[in-house]
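Below you will find one chain, with nothing else, as structure tokens; this is the form predicted on its own, and questions on how it binds or moves follow later.
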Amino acid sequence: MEKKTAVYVCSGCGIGASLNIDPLMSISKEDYSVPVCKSHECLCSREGAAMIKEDISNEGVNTLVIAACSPRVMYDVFNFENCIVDRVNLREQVAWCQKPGEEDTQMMAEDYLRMALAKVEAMELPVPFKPEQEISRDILVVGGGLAGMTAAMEASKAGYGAILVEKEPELGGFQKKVGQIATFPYKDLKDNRIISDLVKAVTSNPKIKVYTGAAVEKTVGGPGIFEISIKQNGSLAEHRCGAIVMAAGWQPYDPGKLDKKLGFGLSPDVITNAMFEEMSFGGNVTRPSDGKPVARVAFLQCAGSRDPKHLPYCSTVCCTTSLKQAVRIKGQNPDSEVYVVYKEMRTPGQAEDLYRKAQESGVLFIRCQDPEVKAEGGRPAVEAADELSGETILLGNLDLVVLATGMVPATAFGPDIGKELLKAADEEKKEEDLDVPLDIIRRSKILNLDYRQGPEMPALRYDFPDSHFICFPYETRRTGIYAAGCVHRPMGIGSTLEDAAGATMKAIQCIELTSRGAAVHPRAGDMSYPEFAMQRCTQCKRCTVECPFGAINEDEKANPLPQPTRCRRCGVCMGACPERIISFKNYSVAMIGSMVKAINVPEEDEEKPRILVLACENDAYAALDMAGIHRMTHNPWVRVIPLRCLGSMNLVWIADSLSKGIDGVLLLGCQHGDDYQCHFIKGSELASIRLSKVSETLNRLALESDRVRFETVSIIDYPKLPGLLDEFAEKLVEIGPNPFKGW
């Protein structure tokens, strides 16, 4: 479109008291020939917004530079349709963090305005992506247990169709094997009617199509346009869906892997909590060895759970389940002796009432970190060092020992994948190119994604398929696919019902955003998407390998095949591409480069170094805002450019900065590693890896490596930021001026 630019400068919130507004207007008019330049004492007020809207209507302006508060606030006020808009952060990152009236403060504001004007000159209005196929509003639910059936019902209540696929011949999952349940208000055990009621509701619902004894044979496409092949009884059904809820469930941890001191396999009367449920379904609990009634029972908690050698995590429901089973034994025989040997008893919230009920029923509790089951030559016994009494207790002549084994998600414990699929994975794909390790591919078969990055969900810690455990529950690393229930994390009945509803809401949100051509979280509503100048592509595969979300496939010649509805607009592919062929309408390598070139670098004798800060918009930029909100002053030589993700950083920006004479470059990204916080999963890590290769650029320019630094920052680290920026500035003074100044 033909652009007509307007600049609006706010003088409120201390901006006018800190800065001289007139030079800002002069730069816009004289240096950039902006026809409309106005200031207002409160741009975000009704009057200020009305002034802008009037210029859009009467003056025909369509490219707006709004110099006021942070772009992280007032985005609804400054959202103008069919207009290119860029925000200049004069409040939090200039007026509130710099000394008022100082020359350096004014120079900072002027640089930020120049950078914005250079940016909008290169920007284009994003055009929403509209796929050729019609957007489907049906939701595929994989798994017919408590979570899956609840998700299907919630979708239907919201007016969406659901396709429910269950691998077993009947709906119900593990819970259909459970006779009694303990749930809110936890005062008494209840007969399990949840599953039978749900099965009736699901099978009679006209909005839900149910497949039992079935499996997803293939999943092609992305949000809004998933093409699903479902295999059932030798026949194949085809469906299109807009999003997927993965409720594939869990399996008990394999007791055969437990330490022999826990006794499993040494006696038929040493069983697991899951075996107890199946054994007690619809009848009294008896000894497995001879079918006689039980009178002495010991429950051993954390059998393999919270153990680095087995399951390092807590499975949440084991304590509550054991309490329920113990109460059931006492209800069956009030004179029975029931013991619970525990490390820590975990009954969160209202489940504490079940703990009290067990105590009142006569269940005895022994705290011991390392009990031992003795099961040779007779009835099993448990030896436990009681931490509370200081004595070693021997519970002998037991009728039953129940081991509380934990939950393992189906993503880690699925059935073996077909040999043909495994062979294809081994022969055609290198393991380092796969988000899913080959051993996981060998063991799981849930979605059968036709994705270049692998046929199943990438699993994170402990094989649970979360995408971002801090900010985005239900997310997975595959856009439009949401985890619910115990495949998401270990949970009980109440949490499962909530989790299924939450995942369904996420799936609905995805469908609605995709139908408008917008991105989903974390850049929800972003209308841009990556465009590829394929004539310059060298088939290096870096974009396909580094994409965190599997949004790019490849053809037989290794050309990238972008799938825009899968894309979350992080720009990691843009940073990965050595030929710089990937760009967005409002975010590109050239665009950021023009912002760098717009920075005014003083001559060496002025003794005003310049520091470019490339900051992740999700945490680091927010932390800089927080420092400003708390009026924390930092070095005025800093010039900040927010990046969608630090993974979108292209090394050419560092070369451009240093060759221009900028004295140092500081990259501020999210924490990566086991406790990662990166909103785009591995963007910060990729930036760190790329930066390790920057020494070649610095050597070519004959510059010191200390001029470029990478630091991880979370939003709560804002108190440390001023010191970090000041320390980096002091280091650059020690190194000396960039020899390229003035070139």
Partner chain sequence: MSVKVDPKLMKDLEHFGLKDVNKCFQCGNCTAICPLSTPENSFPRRFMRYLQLGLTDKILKSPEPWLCYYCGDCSTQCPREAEPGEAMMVLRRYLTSRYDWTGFSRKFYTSERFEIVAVAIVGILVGLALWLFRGSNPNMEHAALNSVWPAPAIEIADLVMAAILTFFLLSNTYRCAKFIMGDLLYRIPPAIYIKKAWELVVHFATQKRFGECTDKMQWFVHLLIMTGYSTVFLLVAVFLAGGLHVIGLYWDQLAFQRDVEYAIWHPIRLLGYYATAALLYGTTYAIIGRLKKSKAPYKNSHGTDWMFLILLELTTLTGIFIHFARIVDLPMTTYVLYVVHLMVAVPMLVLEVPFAKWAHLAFRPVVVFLTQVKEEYFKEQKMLA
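Note that this is a predicted model, so its numbers are computed, not measured. Residue numbers count along the first chain shown, from 1.
FYI, the form predicted in complex with the partner chain isn't displayed, but the following is about it.
Asker: Please determine, with the chain shown alone, which of 363 to 371, 317 to 325, 94 to 102, 605 to 613 has non-hydrogen atoms within 4.5 Å of the partner chain in the predicted bound form.
Answerer: Contact-bearing stretch, as computed: 363 to 371.
Asker: Under a 4.5 Å heavy atom criterion, is Asp335 part of the interface with the partner chain in the predicted bound form?
Answerer: Contact with the partner chain, yes.
Asker: Does the partner chain come within 4.5 Å of any heavy atom of Glu391 in the predicted bound form?
Answerer: Heavy-atom contact with the partner chain at 4.5 Å: present for Glu391.
Asker: Would Glu383 show up as a contact with the partner chain in the predicted bound form if we use heavy atoms at 4.5 Å?
Answerer: Glu383 belongs to the contact set for the partner chain.
Asker: Can you check whether Ser196 is within 4.5 Å of the partner chain in the predicted bound form, heavy atom basis?
Answerer: Judged by the heavy-atom cut-off of 4.5 Å, Ser196 is well away from the partner chain in the predicted bound form.
Asker: Taking Tyr529, Ile552 and Asn586 as the candidate spot, are all three within 4.5 angstroms of the partner chain in the predicted bound form by heavy atoms?
Answerer: Checking in the predicted bound form: none of Tyr529, Ile552 and Asn586 is within 4.5 Å of the partner chain.
Asker: Looking at Phe80, Phe174, Tyr211, Tyr339 here, can you tell me which has any non-hydrogen atom within 4.5 angstroms of the partner chain in the predicted bound form?
Answerer: Here the answer is residue option Tyr339.
Asker: Ok, Thr203, Gln350, Gln359, Asn600: which has a heavy atom sitting within 4.5 Å of the partner chain in the predicted bound form?
Answerer: By the 4.5 Å heavy-atom cutoff, the listed residue in contact is Gln359.
Asker: Quick one: Glu376 and Asp254 C-alpha atoms, closer or farther in the predicted bound form compared with this form (3 angstroms or more)?
Answerer: Between the C-alphas of Asp254 and Glu376, the gap widens in the predicted bound form (3 Å or more compared with this form).
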